[in-house]
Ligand code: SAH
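In structure tokens, one chain follows: the form predicted alone.
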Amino acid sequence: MQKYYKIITFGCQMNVHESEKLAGTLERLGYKSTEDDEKADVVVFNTCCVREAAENKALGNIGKFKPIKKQKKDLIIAVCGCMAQQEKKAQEIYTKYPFVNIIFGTHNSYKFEEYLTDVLNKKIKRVYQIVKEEPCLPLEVESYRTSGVNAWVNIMYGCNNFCTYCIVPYVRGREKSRPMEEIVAECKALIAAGYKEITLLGQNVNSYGKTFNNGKDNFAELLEEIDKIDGEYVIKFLTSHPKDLSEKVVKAIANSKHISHMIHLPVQCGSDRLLRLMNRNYTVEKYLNTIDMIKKYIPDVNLSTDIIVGFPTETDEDFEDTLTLLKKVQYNTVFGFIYSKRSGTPAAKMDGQVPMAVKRERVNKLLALQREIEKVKLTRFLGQTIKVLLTERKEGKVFGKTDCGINVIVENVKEFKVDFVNVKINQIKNTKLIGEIV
């Protein structure tokens, strides 16, 4: 009989790609994907712990499978990822959710097949393996890719920055970079397989290579090598740290044929005092100088950022400084987040926690300002003909995106296929461009 699996993913793009690797293992073992809870023979929860809400949501979803497990005794439930890497949380799952068969963290996810096989063969009833970081790179596992036209490619793992609000270095470990030739070979294979978009992943891609190249800037060289691959495709990357984005990297993007002119550069706030408390290692002035340097080499750059609202001790003046920064930079996209305490991080112990009502009011004000900025910035596309990657046909409409990630509705498409086309922009609706193929 055909066996089925379901993977439920929480969190960032790194987790999405790691779920593709878990799916690759299950597909190789003969399982097929299903969205039906009761049809699944294996259910995997790939968890996140960046915010408390993500943990609570994961635990709530795990709890929903208790009655299903009662009815289906052979159902195997696994919990992995960042939340499970925290020993205290892992112990809580093991104790409070006895129907969970397999618990493992971020450093040993490549052993999923071994754990699953042991449980299937009744070699062991429950697996509980949370290991400390290993000095070597994790083994790469073949992925079953589920992200449409986009293929994720890990270039490095871990983070060395220790921002005071962030749990990532504690659950992902220190920075480790994959060999350049291995990454380039993977990108070549993906392009040959027909992928039109490749996104390079790392907690701080600008630190790529520093663990094996004597601290030298190697990310620019990696981008240049990938850009040499023949084909029609676009390369993107996530995420850059403002303190590490170099002129060499920006020049590599500006001089490339395939690298997107979209740069995500998380500023987090516009107050020097708060940036020091966050341990971000740059000032507002230095950040704005970096923005000026980017715009000098890439005039049509599409800039996006992350902003934390309500960090401990944030005053009205600090928040106004952040709004001023938005007006100066003129981002295309802003991801605004309400600060959430993460146990185990220095910020969680800081005095001056901001009331939730104040945080909500501030984030709404921030996003309202950004919507106005975004509307104005999109008007530059009216009447322009731009290259668009068609991505899907849905409910009678064809959707695509520019190389900078701006969503486009493409009209009058007679025959849809995933490909690059030239589109003349005729309208703007909310944050989408509307046009037709020329």
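For every residue, the number given is its place in the sequence shown, counted from 1. The structure presented is a predicted model; accordingly, all values stated were derived computationally and were not measured.
One more form of this protein, predicted together with this ligand, exists but is not displayed; see below.
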Listed residue (313, 330, 281, 340) with a non-hydrogen atom within 4.5 angstroms of this ligand in the predicted complex | 340
Of 231, 148, 346, 266, which residue is found within 4.5 angstroms of this ligand in the predicted complex when only non-hydrogen atoms are counted?
-> 266
Given this ligand in the predicted complex, answer whether the residues 271, 334 and 370 all have a heavy atom inside 4.5 Å of it.
-> no
Taking the shortest heavy atom distance, is residue 239 within 4.5 Å of this ligand in the predicted complex?
-> yes
Is residue 112 close to this ligand in the predicted complex, meaning a heavy atom pair under 4.5 Å apart or at it?
-> no
Find out whether any non-hydrogen atom of residue 40 is located within 4.5 angstroms of this ligand in the predicted complex, and reply yes or no.
-> no
Classify residue 306 as contacting or not contacting this ligand in the predicted complex by the rule of any non-hydrogen atom within 4.5 angstroms, answering yes or no.
-> yes
Per contact check vs this ligand in the predicted complex (non-hydrogen atom within 4.5 angstroms), the hit among 282 to 290, 158 to 166, 126 to 134, 319 to 327 is 158 to 166
Sequence-ordered list of residues in 47 to 70 near this ligand in the predicted complex, where near means a heavy atom within 4.5 Å | 50, 51
